[in-house]
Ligand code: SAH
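Coming up is one lone chain in structure tokens, specifically the form predicted alone.
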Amino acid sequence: MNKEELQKIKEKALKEYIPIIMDDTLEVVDNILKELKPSKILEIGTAVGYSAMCFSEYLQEGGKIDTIERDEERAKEAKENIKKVEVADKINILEGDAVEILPTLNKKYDMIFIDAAKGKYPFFLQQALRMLNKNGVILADNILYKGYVMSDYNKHKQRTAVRNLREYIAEVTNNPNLETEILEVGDGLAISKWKF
């Protein structure tokens, strides 16, 4: 992995206000991945490929990341970035809308990372539960969304996103088969695992 190129991609994304995983969130995910040693990861929301490239370091030999991106320009940039960082053999970009792509996937994943349209989180969760391996983990990034989710925020502009993020939290915390922890790192991270 070319760490220098990865750093350049990170700096460019930050300069252009492209949403990428925050450092403190990445630190938590890195620790989870070190323990998990995944062979298959699904990411919903590629952006410029930064998080997928960071995660790829923890894959088992021959492991793969499937990452979904609906924005054509971003997907194109992500492909170029992945080549520059020399991890193209580990990352597979699925172009299109996750709402259409997810139901067509029939694989099992060790980690599923949700970081896409906030209004669709409950749908992403249903799909993720269907594809999660027995010892796997689902991570939902930006779950506290600037603090709106846990406050009495009700402004029209973000109302749907906030309502659906609250619904996601309710579903993962009330599901008797899941063990969920919500961390206040970055913009909030929900970590859900199967209970045994």
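The first residue of the sequence shown is number 1, and the count goes up from there. Since the structure is predicted, the reported quantities are computational estimates derived from the model, not experimental observations.
The next section is about a form of this same protein that is not shown, the form predicted together with ligand SAH.
Picking from 44-52, 158-166, 29-37, 126-134 the stretch near ligand SAH in the predicted bound form, with a 4.5 Å limit on heavy atoms, gives 44-52. Shown alone here, Gly96 lies within 4.5 Å of ligand SAH in the predicted bound form, counting heavy atoms only. For the chain shown alone, Leu59 is not a contact residue for ligand SAH in the predicted bound form, no non-hydrogen atom being within 4.5 angstroms.
Using a 4.5 angstroms threshold between heavy atoms, Ala116 counts as touching ligand SAH in the predicted bound form. In the predicted bound form, Lys76 stays away from ligand SAH, with no heavy atom inside 4.5 Å. Heavy atoms closer than or equal to 4.5 Å to ligand SAH in the predicted bound form belong, across 168-191, to no residue whatsoever.
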